[in-house]
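This document opens with one chain alone, in C-alpha coordinates, the form predicted on its own.
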Amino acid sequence: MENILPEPLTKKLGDRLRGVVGDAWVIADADRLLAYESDGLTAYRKTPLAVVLPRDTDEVSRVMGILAEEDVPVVPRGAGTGLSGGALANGDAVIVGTARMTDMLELDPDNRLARVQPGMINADLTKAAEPYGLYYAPDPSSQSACTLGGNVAENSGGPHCLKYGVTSRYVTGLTVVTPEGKIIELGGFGREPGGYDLLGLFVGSEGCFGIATEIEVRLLPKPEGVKTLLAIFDRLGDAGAAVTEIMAEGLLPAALEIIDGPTIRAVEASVFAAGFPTDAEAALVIEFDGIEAGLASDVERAVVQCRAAGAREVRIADSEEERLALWRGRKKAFGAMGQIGNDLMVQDGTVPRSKLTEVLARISEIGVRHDLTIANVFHAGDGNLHPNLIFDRSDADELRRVELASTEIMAVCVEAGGTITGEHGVGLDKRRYMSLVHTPDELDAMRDVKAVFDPRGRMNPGKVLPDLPDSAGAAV
(Lines give C-alpha, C1' and ligand atoms only; values in the text may rest on other atoms or scores of the structure.)
Protein backbone atom coordinates (compact mmCIF):
# COMPACT_ATOMS: atom_id res chain seq x y z
CA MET A 1 0.00 0.00 0.00
CA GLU A 2 3.08 2.24 -0.05
CA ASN A 3 3.00 5.17 -2.46
CA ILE A 4 6.24 5.78 -4.41
CA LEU A 5 6.58 9.05 -6.32
CA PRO A 6 7.04 8.63 -10.09
CA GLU A 7 9.86 9.82 -12.29
CA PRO A 8 9.03 13.08 -14.12
CA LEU A 9 7.30 12.83 -17.50
CA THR A 10 9.85 13.18 -20.29
CA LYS A 11 9.60 16.29 -22.46
CA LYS A 12 9.33 14.20 -25.62
CA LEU A 13 6.36 12.18 -24.40
CA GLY A 14 4.71 15.19 -22.79
CA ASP A 15 4.97 17.22 -26.00
CA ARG A 16 3.50 14.41 -28.10
CA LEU A 17 0.53 14.00 -25.75
CA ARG A 18 -0.09 17.76 -25.51
CA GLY A 19 -0.06 17.89 -29.28
CA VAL A 20 -3.16 15.69 -29.27
CA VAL A 21 -5.24 16.94 -26.31
CA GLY A 22 -3.83 20.42 -25.64
CA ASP A 23 -1.56 21.75 -22.92
CA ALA A 24 -4.28 21.99 -20.25
CA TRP A 25 -5.22 18.33 -20.50
CA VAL A 26 -1.89 16.68 -19.71
CA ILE A 27 -1.33 16.65 -15.96
CA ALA A 28 2.23 15.95 -14.87
CA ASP A 29 3.03 18.16 -11.87
CA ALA A 30 3.19 16.41 -8.51
CA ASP A 31 0.57 18.52 -6.72
CA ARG A 32 -2.15 17.90 -9.30
CA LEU A 33 -1.30 14.20 -9.57
CA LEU A 34 -2.24 13.77 -5.89
CA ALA A 35 -5.89 13.82 -6.93
CA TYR A 36 -5.29 10.58 -8.87
CA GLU A 37 -3.30 8.62 -6.30
CA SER A 38 -6.28 6.57 -5.09
CA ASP A 39 -9.83 5.68 -6.00
CA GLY A 40 -12.69 5.24 -3.53
CA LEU A 41 -10.66 2.58 -1.71
CA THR A 42 -8.24 4.91 0.03
CA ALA A 43 -6.11 2.18 1.60
CA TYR A 44 -4.15 1.96 -1.67
CA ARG A 45 -2.26 4.96 -3.05
CA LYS A 46 -0.06 5.12 -6.14
CA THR A 47 0.99 8.22 -8.08
CA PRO A 48 0.89 7.94 -11.90
CA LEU A 49 3.52 9.19 -14.30
CA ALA A 50 0.94 11.54 -15.82
CA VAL A 51 -2.78 11.93 -16.53
CA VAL A 52 -4.13 12.60 -20.03
CA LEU A 53 -7.72 13.75 -20.57
CA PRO A 54 -8.87 13.29 -24.21
CA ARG A 55 -12.16 14.65 -25.52
CA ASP A 56 -13.37 12.02 -28.00
CA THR A 57 -12.67 8.66 -29.65
CA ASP A 58 -10.18 10.12 -32.11
CA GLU A 59 -8.09 11.72 -29.36
CA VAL A 60 -8.18 8.54 -27.28
CA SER A 61 -6.99 6.57 -30.31
CA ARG A 62 -4.12 8.94 -30.99
CA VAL A 63 -3.08 9.06 -27.32
CA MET A 64 -3.16 5.27 -27.06
CA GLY A 65 -1.08 4.97 -30.25
CA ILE A 66 1.57 7.28 -28.83
CA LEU A 67 1.72 5.41 -25.53
CA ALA A 68 2.01 2.11 -27.42
CA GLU A 69 4.89 3.46 -29.49
CA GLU A 70 6.65 4.60 -26.31
CA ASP A 71 5.82 1.28 -24.56
CA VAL A 72 4.15 3.11 -21.65
CA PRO A 73 1.58 1.23 -19.51
CA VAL A 74 -1.96 2.65 -19.52
CA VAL A 75 -4.61 2.80 -16.79
CA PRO A 76 -8.15 3.91 -17.75
CA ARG A 77 -10.01 6.02 -15.19
CA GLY A 78 -13.51 7.42 -14.94
CA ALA A 79 -14.71 9.32 -11.87
CA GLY A 80 -12.43 7.43 -9.47
CA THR A 81 -15.35 6.17 -7.37
CA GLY A 82 -14.31 2.51 -7.72
CA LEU A 83 -13.76 0.44 -4.60
CA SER A 84 -11.16 -2.12 -5.65
CA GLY A 85 -8.06 -0.05 -6.47
CA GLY A 86 -8.73 -0.74 -10.14
CA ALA A 87 -7.88 2.75 -11.44
CA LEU A 88 -4.50 3.16 -9.71
CA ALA A 89 -1.34 3.60 -11.76
CA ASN A 90 2.28 2.99 -10.81
CA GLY A 91 4.82 5.73 -11.48
CA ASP A 92 5.69 4.30 -14.91
CA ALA A 93 2.07 4.34 -16.15
CA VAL A 94 -0.13 7.04 -17.64
CA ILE A 95 -3.78 7.40 -16.65
CA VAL A 96 -6.09 8.03 -19.59
CA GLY A 97 -9.15 9.64 -18.03
CA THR A 98 -12.62 10.16 -19.46
CA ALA A 99 -13.64 13.17 -17.35
CA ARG A 100 -14.05 15.41 -20.43
CA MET A 101 -16.03 12.83 -22.43
CA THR A 102 -19.48 13.64 -21.04
CA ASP A 103 -21.70 14.08 -24.10
CA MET A 104 -25.03 12.49 -24.88
CA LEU A 105 -24.35 11.40 -28.46
CA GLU A 106 -27.83 10.13 -29.26
CA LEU A 107 -31.11 9.64 -27.41
CA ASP A 108 -33.56 7.40 -29.28
CA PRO A 109 -36.79 7.15 -27.24
CA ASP A 110 -38.61 5.21 -29.95
CA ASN A 111 -36.13 2.35 -29.66
CA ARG A 112 -35.43 3.04 -25.97
CA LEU A 113 -31.72 3.48 -26.59
CA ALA A 114 -29.06 6.02 -25.74
CA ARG A 115 -25.50 6.39 -26.97
CA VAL A 116 -23.20 8.30 -24.63
CA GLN A 117 -19.58 9.08 -24.00
CA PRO A 118 -18.01 7.16 -21.09
CA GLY A 119 -17.60 10.20 -18.84
CA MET A 120 -21.35 10.81 -18.55
CA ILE A 121 -22.54 10.55 -14.93
CA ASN A 122 -24.86 7.60 -14.36
CA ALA A 123 -27.68 9.68 -12.86
CA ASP A 124 -27.46 12.24 -15.68
CA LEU A 125 -28.51 9.61 -18.20
CA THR A 126 -31.78 9.04 -16.34
CA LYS A 127 -32.34 12.80 -16.07
CA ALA A 128 -31.95 13.11 -19.84
CA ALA A 129 -34.37 10.21 -20.45
CA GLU A 130 -37.05 11.31 -17.95
CA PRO A 131 -38.95 13.63 -20.33
CA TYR A 132 -39.65 10.57 -22.47
CA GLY A 133 -40.89 8.45 -19.55
CA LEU A 134 -37.67 6.38 -19.60
CA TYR A 135 -34.79 5.71 -17.23
CA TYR A 136 -31.52 3.80 -16.96
CA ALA A 137 -31.93 0.90 -14.54
CA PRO A 138 -28.45 0.12 -13.09
CA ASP A 139 -28.10 2.47 -10.11
CA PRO A 140 -24.88 2.12 -8.10
CA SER A 141 -24.97 3.91 -4.75
CA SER A 142 -22.45 6.34 -6.23
CA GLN A 143 -24.70 7.04 -9.23
CA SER A 144 -24.63 10.81 -8.62
CA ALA A 145 -20.85 10.72 -9.25
CA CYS A 146 -19.85 7.49 -11.06
CA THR A 147 -19.63 7.35 -14.84
CA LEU A 148 -21.04 5.00 -17.45
CA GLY A 149 -17.53 4.06 -18.57
CA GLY A 150 -16.62 2.95 -15.08
CA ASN A 151 -19.91 1.07 -14.83
CA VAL A 152 -19.04 -0.82 -18.03
CA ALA A 153 -15.55 -1.61 -16.76
CA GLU A 154 -16.82 -3.03 -13.46
CA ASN A 155 -20.17 -4.41 -14.70
CA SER A 156 -21.69 -2.36 -11.90
CA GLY A 157 -24.89 -3.23 -10.09
CA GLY A 158 -26.72 -1.24 -7.44
CA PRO A 159 -29.73 -1.60 -5.14
CA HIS A 160 -32.19 -2.30 -7.94
CA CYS A 161 -30.10 -4.99 -9.63
CA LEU A 162 -32.02 -7.56 -7.57
CA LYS A 163 -34.94 -7.21 -10.00
CA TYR A 164 -33.38 -5.46 -12.98
CA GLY A 165 -29.89 -6.91 -13.26
CA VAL A 166 -26.47 -5.35 -13.69
CA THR A 167 -24.83 -3.25 -16.40
CA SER A 168 -24.20 -6.11 -18.84
CA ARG A 169 -27.94 -6.54 -19.32
CA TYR A 170 -28.25 -3.00 -20.68
CA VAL A 171 -25.14 -2.45 -22.82
CA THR A 172 -26.02 -3.10 -26.46
CA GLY A 173 -22.94 -1.71 -28.18
CA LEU A 174 -19.50 -0.20 -27.57
CA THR A 175 -16.87 1.72 -29.46
CA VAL A 176 -13.55 0.55 -28.05
CA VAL A 177 -9.98 1.78 -28.47
CA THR A 178 -7.46 -1.05 -28.12
CA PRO A 179 -4.14 -0.76 -26.26
CA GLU A 180 -2.44 -0.14 -29.64
CA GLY A 181 -4.84 2.66 -30.57
CA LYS A 182 -7.12 0.79 -32.99
CA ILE A 183 -10.86 1.64 -33.01
CA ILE A 184 -13.29 -1.29 -33.04
CA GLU A 185 -17.08 -1.59 -32.80
CA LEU A 186 -18.62 -4.26 -30.58
CA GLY A 187 -22.32 -4.99 -30.94
CA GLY A 188 -24.69 -2.13 -31.66
CA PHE A 189 -28.42 -1.71 -32.21
CA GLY A 190 -29.83 -4.08 -34.80
CA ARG A 191 -26.51 -5.79 -35.40
CA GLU A 192 -26.45 -9.57 -35.19
CA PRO A 193 -23.08 -10.25 -36.79
CA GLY A 194 -22.56 -13.75 -35.43
CA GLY A 195 -19.20 -14.89 -34.16
CA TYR A 196 -17.90 -14.49 -30.65
CA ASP A 197 -19.63 -12.29 -28.08
CA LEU A 198 -16.81 -9.77 -27.68
CA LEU A 199 -19.24 -7.21 -26.27
CA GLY A 200 -20.11 -9.53 -23.40
CA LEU A 201 -16.44 -10.25 -22.86
CA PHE A 202 -15.51 -6.57 -22.68
CA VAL A 203 -18.16 -5.52 -20.15
CA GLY A 204 -16.65 -6.18 -16.73
CA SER A 205 -13.07 -6.46 -18.02
CA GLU A 206 -11.94 -3.77 -15.55
CA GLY A 207 -9.97 -1.67 -18.00
CA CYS A 208 -7.67 -4.57 -18.91
CA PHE A 209 -8.71 -4.94 -22.57
CA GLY A 210 -9.01 -1.34 -23.81
CA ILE A 211 -11.04 1.85 -23.31
CA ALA A 212 -14.72 2.18 -24.19
CA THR A 213 -15.18 5.60 -25.81
CA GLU A 214 -18.85 5.34 -26.83
CA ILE A 215 -21.50 3.30 -25.02
CA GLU A 216 -24.91 2.29 -26.34
CA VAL A 217 -27.40 1.29 -23.64
CA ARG A 218 -30.97 0.11 -23.37
CA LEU A 219 -33.46 2.27 -21.44
CA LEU A 220 -36.60 1.15 -19.62
CA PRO A 221 -40.04 2.76 -19.21
CA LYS A 222 -40.57 4.19 -15.75
CA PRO A 223 -42.74 1.86 -13.61
CA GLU A 224 -46.36 2.82 -13.07
CA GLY A 225 -46.13 2.62 -9.29
CA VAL A 226 -43.47 2.44 -6.56
CA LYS A 227 -43.85 1.53 -2.87
CA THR A 228 -40.98 1.79 -0.39
CA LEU A 229 -40.88 0.34 3.13
CA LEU A 230 -38.50 0.69 6.06
CA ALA A 231 -38.38 -2.14 8.63
CA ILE A 232 -36.53 -1.55 11.91
CA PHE A 233 -34.86 -4.40 13.84
CA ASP A 234 -33.10 -4.77 17.18
CA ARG A 235 -30.84 -7.50 15.80
CA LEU A 236 -28.93 -7.58 12.51
CA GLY A 237 -29.51 -11.32 12.17
CA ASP A 238 -33.28 -10.79 12.28
CA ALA A 239 -33.05 -8.42 9.31
CA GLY A 240 -31.10 -11.09 7.43
CA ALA A 241 -33.78 -13.64 8.28
CA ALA A 242 -36.48 -11.28 6.99
CA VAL A 243 -34.67 -11.07 3.65
CA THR A 244 -34.66 -14.85 3.33
CA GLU A 245 -38.35 -15.10 4.19
CA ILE A 246 -39.43 -12.32 1.82
CA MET A 247 -37.70 -14.02 -1.09
CA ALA A 248 -38.95 -17.47 -0.03
CA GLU A 249 -42.49 -16.04 -0.04
CA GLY A 250 -42.13 -15.69 -3.81
CA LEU A 251 -41.90 -11.90 -3.76
CA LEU A 252 -39.49 -10.05 -6.05
CA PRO A 253 -38.76 -6.58 -4.69
CA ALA A 254 -37.00 -4.11 -6.93
CA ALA A 255 -34.57 -3.57 -4.04
CA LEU A 256 -33.90 -5.15 -0.66
CA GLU A 257 -31.17 -3.37 1.32
CA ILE A 258 -29.79 -3.72 4.86
CA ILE A 259 -28.19 -0.92 6.89
CA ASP A 260 -26.70 -1.97 10.24
CA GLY A 261 -26.56 -0.11 13.55
CA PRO A 262 -23.13 1.57 13.22
CA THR A 263 -24.08 2.76 9.73
CA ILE A 264 -27.47 4.06 10.91
CA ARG A 265 -25.79 6.10 13.62
CA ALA A 266 -23.21 7.47 11.16
CA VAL A 267 -25.95 8.47 8.69
CA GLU A 268 -28.09 10.12 11.36
CA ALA A 269 -25.10 12.13 12.61
CA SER A 270 -24.48 13.45 9.08
CA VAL A 271 -26.17 15.83 6.65
CA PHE A 272 -27.82 12.76 5.10
CA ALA A 273 -29.97 12.04 8.19
CA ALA A 274 -33.13 10.20 7.14
CA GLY A 275 -34.93 9.73 10.45
CA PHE A 276 -33.77 6.18 11.21
CA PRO A 277 -33.92 5.38 14.97
CA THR A 278 -30.36 5.47 16.30
CA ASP A 279 -30.94 2.70 18.86
CA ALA A 280 -31.76 0.18 16.11
CA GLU A 281 -29.25 -2.47 15.08
CA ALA A 282 -30.57 -2.87 11.54
CA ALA A 283 -32.88 -1.25 9.03
CA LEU A 284 -34.25 -3.00 5.96
CA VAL A 285 -35.20 -0.84 2.96
CA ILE A 286 -37.65 -2.67 0.70
CA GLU A 287 -38.96 -1.33 -2.58
CA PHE A 288 -41.58 -2.76 -4.94
CA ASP A 289 -42.42 -1.33 -8.34
CA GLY A 290 -44.57 -2.23 -11.30
CA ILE A 291 -48.29 -2.12 -12.05
CA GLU A 292 -50.00 -0.09 -9.34
CA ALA A 293 -52.81 -2.58 -8.82
CA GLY A 294 -50.55 -5.36 -7.53
CA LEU A 295 -48.25 -3.38 -5.26
CA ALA A 296 -50.46 -3.18 -2.16
CA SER A 297 -50.62 -6.96 -1.89
CA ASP A 298 -46.83 -7.32 -2.22
CA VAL A 299 -46.28 -4.66 0.43
CA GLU A 300 -48.70 -6.36 2.83
CA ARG A 301 -46.98 -9.73 2.42
CA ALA A 302 -43.55 -8.17 2.98
CA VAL A 303 -44.76 -6.44 6.15
CA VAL A 304 -46.02 -9.77 7.50
CA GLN A 305 -42.63 -11.42 6.88
CA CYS A 306 -40.72 -8.53 8.49
CA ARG A 307 -42.86 -8.65 11.63
CA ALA A 308 -42.55 -12.46 11.77
CA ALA A 309 -38.75 -12.07 11.67
CA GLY A 310 -38.81 -9.64 14.61
CA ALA A 311 -39.22 -6.15 13.13
CA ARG A 312 -40.23 -3.75 15.88
CA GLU A 313 -41.54 -1.19 13.39
CA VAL A 314 -42.42 -1.08 9.69
CA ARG A 315 -42.94 2.24 7.91
CA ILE A 316 -44.41 2.73 4.46
CA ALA A 317 -43.39 5.91 2.66
CA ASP A 318 -46.52 7.98 1.99
CA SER A 319 -44.93 10.43 -0.41
CA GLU A 320 -42.14 10.72 -2.95
CA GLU A 321 -40.30 12.96 -0.48
CA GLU A 322 -40.41 10.26 2.21
CA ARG A 323 -39.33 7.60 -0.27
CA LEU A 324 -36.33 9.65 -1.40
CA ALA A 325 -35.39 10.32 2.24
CA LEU A 326 -35.25 6.57 2.92
CA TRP A 327 -33.04 6.08 -0.12
CA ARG A 328 -30.85 9.02 0.85
CA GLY A 329 -30.11 7.24 4.13
CA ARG A 330 -29.06 4.13 2.18
CA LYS A 331 -27.27 5.61 -0.82
CA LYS A 332 -25.29 8.21 1.12
CA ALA A 333 -24.19 5.74 3.77
CA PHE A 334 -20.64 5.47 2.43
CA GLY A 335 -20.28 9.24 2.52
CA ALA A 336 -21.43 9.25 6.13
CA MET A 337 -18.73 6.78 7.19
CA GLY A 338 -16.41 9.72 7.79
CA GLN A 339 -18.34 10.18 11.03
CA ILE A 340 -16.76 6.93 12.27
CA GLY A 341 -13.16 6.97 11.00
CA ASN A 342 -10.62 8.43 8.59
CA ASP A 343 -10.44 5.51 6.14
CA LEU A 344 -12.47 2.48 5.20
CA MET A 345 -11.79 -0.78 3.45
CA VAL A 346 -14.92 -1.95 1.65
CA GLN A 347 -15.32 -5.60 0.78
CA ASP A 348 -18.15 -6.97 -1.35
CA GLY A 349 -18.25 -10.71 -1.08
CA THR A 350 -21.49 -12.38 -2.15
CA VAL A 351 -23.15 -15.30 -0.35
CA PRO A 352 -26.38 -17.29 -0.75
CA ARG A 353 -29.29 -15.41 0.87
CA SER A 354 -29.95 -18.35 3.18
CA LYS A 355 -26.46 -17.88 4.67
CA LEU A 356 -26.80 -14.14 5.40
CA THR A 357 -27.44 -14.45 9.15
CA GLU A 358 -24.62 -16.96 9.63
CA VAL A 359 -22.08 -14.97 7.60
CA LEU A 360 -22.97 -11.63 9.22
CA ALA A 361 -22.37 -13.20 12.63
CA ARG A 362 -18.97 -14.51 11.54
CA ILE A 363 -18.00 -11.11 10.11
CA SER A 364 -18.95 -9.50 13.42
CA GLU A 365 -16.76 -12.01 15.27
CA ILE A 366 -13.84 -11.22 12.95
CA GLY A 367 -14.22 -7.52 13.77
CA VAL A 368 -14.22 -8.19 17.51
CA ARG A 369 -11.22 -10.50 17.31
CA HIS A 370 -9.16 -7.95 15.37
CA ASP A 371 -10.44 -5.00 17.46
CA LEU A 372 -11.94 -3.29 14.41
CA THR A 373 -15.19 -1.44 13.79
CA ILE A 374 -17.10 -3.04 10.91
CA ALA A 375 -20.17 -1.30 9.53
CA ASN A 376 -22.45 -3.17 7.13
CA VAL A 377 -24.62 -1.67 4.40
CA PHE A 378 -25.41 -3.94 1.48
CA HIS A 379 -27.61 -5.43 -1.23
CA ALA A 380 -29.24 -8.09 0.92
CA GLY A 381 -31.64 -9.35 -1.72
CA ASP A 382 -28.87 -10.93 -3.76
CA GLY A 383 -26.54 -11.62 -0.83
CA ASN A 384 -24.02 -8.97 -1.89
CA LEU A 385 -22.33 -7.96 1.39
CA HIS A 386 -20.48 -4.68 1.92
CA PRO A 387 -18.63 -4.92 5.25
CA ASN A 388 -16.83 -1.59 5.78
CA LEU A 389 -13.72 -1.91 7.91
CA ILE A 390 -13.08 1.46 9.57
CA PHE A 391 -9.44 2.39 10.26
CA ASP A 392 -6.72 5.03 10.23
CA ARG A 393 -4.12 4.30 7.58
CA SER A 394 -1.48 6.22 9.55
CA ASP A 395 -1.70 3.46 12.20
CA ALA A 396 0.47 0.64 10.79
CA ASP A 397 -0.79 -1.95 13.28
CA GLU A 398 -4.43 -1.13 12.57
CA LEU A 399 -3.77 -1.34 8.83
CA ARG A 400 -2.20 -4.79 9.34
CA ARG A 401 -5.30 -5.94 11.24
CA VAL A 402 -7.55 -4.62 8.48
CA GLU A 403 -5.66 -6.71 5.92
CA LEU A 404 -5.93 -9.83 8.07
CA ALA A 405 -9.65 -9.28 8.70
CA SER A 406 -10.31 -8.68 4.98
CA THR A 407 -8.65 -11.96 4.08
CA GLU A 408 -10.72 -13.81 6.67
CA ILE A 409 -13.96 -12.21 5.46
CA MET A 410 -13.25 -13.29 1.89
CA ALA A 411 -12.57 -16.84 3.05
CA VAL A 412 -15.83 -16.91 5.05
CA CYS A 413 -17.83 -15.80 2.00
CA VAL A 414 -16.27 -18.46 -0.21
CA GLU A 415 -16.75 -21.17 2.43
CA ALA A 416 -20.44 -20.24 2.59
CA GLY A 417 -20.79 -20.98 -1.11
CA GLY A 418 -20.26 -17.41 -2.28
CA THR A 419 -17.58 -15.47 -4.10
CA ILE A 420 -15.12 -12.61 -3.59
CA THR A 421 -16.91 -9.77 -5.40
CA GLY A 422 -20.45 -8.98 -6.39
CA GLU A 423 -20.03 -5.64 -8.16
CA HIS A 424 -16.90 -3.72 -7.09
CA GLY A 425 -14.56 -5.79 -9.22
CA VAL A 426 -11.28 -7.51 -8.41
CA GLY A 427 -8.91 -4.67 -9.25
CA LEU A 428 -5.77 -4.43 -7.16
CA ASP A 429 -7.33 -5.33 -3.83
CA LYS A 430 -8.89 -8.73 -4.50
CA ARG A 431 -6.55 -10.31 -7.01
CA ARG A 432 -4.79 -12.16 -4.20
CA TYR A 433 -8.09 -13.91 -3.46
CA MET A 434 -8.69 -15.13 -7.02
CA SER A 435 -7.23 -18.54 -6.23
CA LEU A 436 -10.01 -19.03 -3.66
CA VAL A 437 -12.57 -19.23 -6.46
CA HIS A 438 -10.56 -20.21 -9.56
CA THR A 439 -8.29 -23.13 -10.35
CA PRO A 440 -4.79 -22.55 -11.84
CA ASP A 441 -6.12 -23.70 -15.23
CA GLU A 442 -8.97 -21.21 -15.08
CA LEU A 443 -6.57 -18.39 -14.21
CA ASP A 444 -4.33 -19.42 -17.11
CA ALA A 445 -7.34 -19.26 -19.46
CA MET A 446 -8.06 -15.71 -18.25
CA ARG A 447 -4.43 -14.73 -18.88
CA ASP A 448 -4.74 -16.13 -22.41
CA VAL A 449 -7.87 -14.03 -23.04
CA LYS A 450 -6.19 -10.87 -21.79
CA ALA A 451 -3.19 -11.56 -24.02
CA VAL A 452 -5.45 -11.53 -27.10
CA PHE A 453 -6.49 -7.93 -26.36
CA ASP A 454 -3.26 -6.84 -24.67
CA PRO A 455 -0.35 -8.99 -25.90
CA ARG A 456 2.30 -6.70 -24.40
CA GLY A 457 0.68 -6.54 -20.96
CA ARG A 458 0.47 -2.73 -20.93
CA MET A 459 -3.24 -2.31 -20.17
CA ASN A 460 -4.06 -1.74 -16.50
CA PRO A 461 -1.18 -3.93 -15.32
CA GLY A 462 -1.25 -5.53 -11.89
CA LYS A 463 -5.04 -5.80 -11.76
CA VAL A 464 -7.49 -8.72 -11.56
CA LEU A 465 -5.12 -11.67 -12.16
CA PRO A 466 -2.61 -12.75 -9.51
CA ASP A 467 1.07 -12.83 -10.40
CA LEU A 468 2.45 -16.09 -11.75
CA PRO A 469 4.64 -17.98 -9.28
CA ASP A 470 8.34 -18.31 -10.01
CA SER A 471 10.19 -21.64 -9.95
CA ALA A 472 10.45 -21.46 -6.16
CA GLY A 473 6.69 -20.96 -5.81
CA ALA A 474 6.80 -17.26 -4.92
CA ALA A 475 4.62 -14.72 -6.75
CA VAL A 476 6.53 -12.53 -9.18
Partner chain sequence: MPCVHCGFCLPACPTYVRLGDENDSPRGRLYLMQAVVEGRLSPESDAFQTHIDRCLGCRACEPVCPSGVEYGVLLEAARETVYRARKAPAVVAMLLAVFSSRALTNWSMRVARVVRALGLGGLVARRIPRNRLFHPIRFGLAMLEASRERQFGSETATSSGAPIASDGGALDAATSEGETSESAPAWRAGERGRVAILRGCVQAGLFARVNDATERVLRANGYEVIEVSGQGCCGALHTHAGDSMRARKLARANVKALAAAEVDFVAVNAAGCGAALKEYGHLLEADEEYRHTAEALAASTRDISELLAGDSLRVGAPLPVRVTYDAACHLCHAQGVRQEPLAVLGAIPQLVVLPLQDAEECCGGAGTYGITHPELGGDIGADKVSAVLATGAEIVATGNPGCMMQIGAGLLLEGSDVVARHPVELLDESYRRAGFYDGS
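Residue numbers count along the first chain shown, from 1. It should be emphasised that the depicted structure is a prediction, and the values quoted were computed from it without experimental measurement.
Same protein, other form: the form predicted in complex with its partner chain, not shown, and the subject of what follows.
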Q.
Quick check on this chain: which one of 399, 325, 99, 372 has a heavy atom within 4.5 Å of its partner chain in the predicted bound form?
A. 99
**Q.** Proximity to its partner chain in the predicted bound form, single hit among 263, 141, 388, 117 (heavy atom within 4.5 Å)
**A.** 141
Q) Quick one: in the predicted bound form, does every one of 136, 175 and 458 get a heavy atom within 4.5 Å of its partner chain? A) no
Q.
Is residue 145 near its partner chain? Define near as a heavy atom within 4.5 Å, in the predicted bound form.
A. yes
Q: Tell me, yes or no, whether residue 38 is in contact with its partner chain in the predicted bound form, where a contact means a heavy atom of each within 4.5 Å.
A: yes
Q. Does the 4.5 Å heavy atom contact test between residue 42 and its partner chain in the predicted bound form come out positive?
A. yes
Q: May I ask you to check whether residue 342 falls inside a 4.5 Å heavy atom distance of its partner chain in the predicted bound form?
A: yes
**Q.** One stretch from 400-408, 358-366, 304-312, 264-272 that, in the predicted bound form, holds residues within 4.5 Å of its partner chain by heavy atom
**A.** 264-272
Q | Heavy atom within 4.5 Å of its partner chain in the predicted bound form - qualifying residues of 323-341 | A | 331, 332, 334, 335, 336, 338, 339, 341
